[in-house]
Ligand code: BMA
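Just the one chain here, laid out as structure tokens, in the form predicted on its own.
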Amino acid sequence: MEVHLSTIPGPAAPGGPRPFPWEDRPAGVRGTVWRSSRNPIVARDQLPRSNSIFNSAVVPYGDGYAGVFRVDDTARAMNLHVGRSPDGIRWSIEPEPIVLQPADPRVAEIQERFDHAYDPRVTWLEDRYYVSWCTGYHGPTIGLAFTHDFETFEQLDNAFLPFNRNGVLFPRRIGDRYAMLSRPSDGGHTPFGDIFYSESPDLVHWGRHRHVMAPVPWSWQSTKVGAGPTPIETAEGWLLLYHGVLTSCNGFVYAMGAALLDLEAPWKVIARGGDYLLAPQVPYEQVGDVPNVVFPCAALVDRPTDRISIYYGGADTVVCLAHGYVPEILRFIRSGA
């Protein structure tokens, strides 16, 4: 018997009801997920000084949606901006970056050394929205902050030592601990990378690190892998959408894959799709500041219908949207194809 998400308790953000950003599968499309005909939904030059807007995170908020967007400006500084939308498709993005308030006096010490902020994720957890991102503090590591209203943001201490990227929180505690996935890295454009699991009693002190997934030799994910959107709880396990990278004769190629993690021990992989779900095959994914990139950062789930809409960066330049059904993605993972 197939279990649908409408029967699974899920994190309930306040507000709503709201329209769900969706397009039905086009005729002739055979893939498990398909691209929106509206892509790219956020243009690179939507703000007066934006060089590119991409790799951004979206969540339900109020009667619509809110998000934290990566904006690289025309000086090529990387920063985070708030965005709002009535339908998840039409976005108004604040022209000025988020100003982070220190959650305690010691956080101000790390704010004195700001290099950059990029590739955010946003997770509704317990009673607030948490933002995780790659922050620059003597090298890349994972920054963490929270907000109740997408107006005021309070920054916590960095989760890890440099070097680390792709910090993604789970939407509930595992046992009595908060949990996060990340990818330890180096100081450059990391030519390697595995996904690790870490846990914390207070979102400040992180430990009990466990290995989750490694690249697969001679495949679309042979160089490195990194967690994408907030994991989605299903009856079969945590649905993890992630990016995988191969090194081609023309550089890195980023694609999206899917795996299933154990509900109470998420460092254990139950199953993992062998093929990619989505790879750069259309112009806005193949041509841009960094060619050949599909980089998922957020996913919205409509639990009554099992529909999923996935936000991803295209060619490190624009924000794009793809659609699918959670049960079909789970079958894709189980098939090993």
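The shown structure was predicted, so the numbers you read here are calculated from the model rather than taken from an experiment. All residue numbers are counted from 1 along the displayed sequence.
From this point on, the text means the form predicted in complex with ligand BMA, which you will not see here.
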Quick one: does residue 129 come within 4.5 Å of ligand BMA in the predicted complex, counting heavy atoms only? no
Residue 242, heavy atom within 4.5 angstroms of ligand BMA in the predicted complex: no
Residue contact check: residue 41 to ligand BMA in the predicted complex, 4.5 Å heavy atom: no
Contact with ligand BMA in the predicted complex for residue 199, defined as at least one heavy atom pair within 4.5 Å: yes or no? no
Please tell me which of 47, 279, 290, 269 lies within 4.5 Å of ligand BMA in the predicted complex, judged by heavy atoms. 290
Using a 4.5 Å heavy atom cut-off, indicate which stretch of 118-126, 93-101, 169-177, 147-155 touches ligand BMA in the predicted complex. 118-126
Site test, 65, 84 and 309 vs ligand BMA in the predicted complex, non-hydrogen atom cutoff 4.5 Å: no
If you look in the predicted complex, which residues in 55-88 sit within 4.5 Å of ligand BMA (heavy atoms)? 55, 70
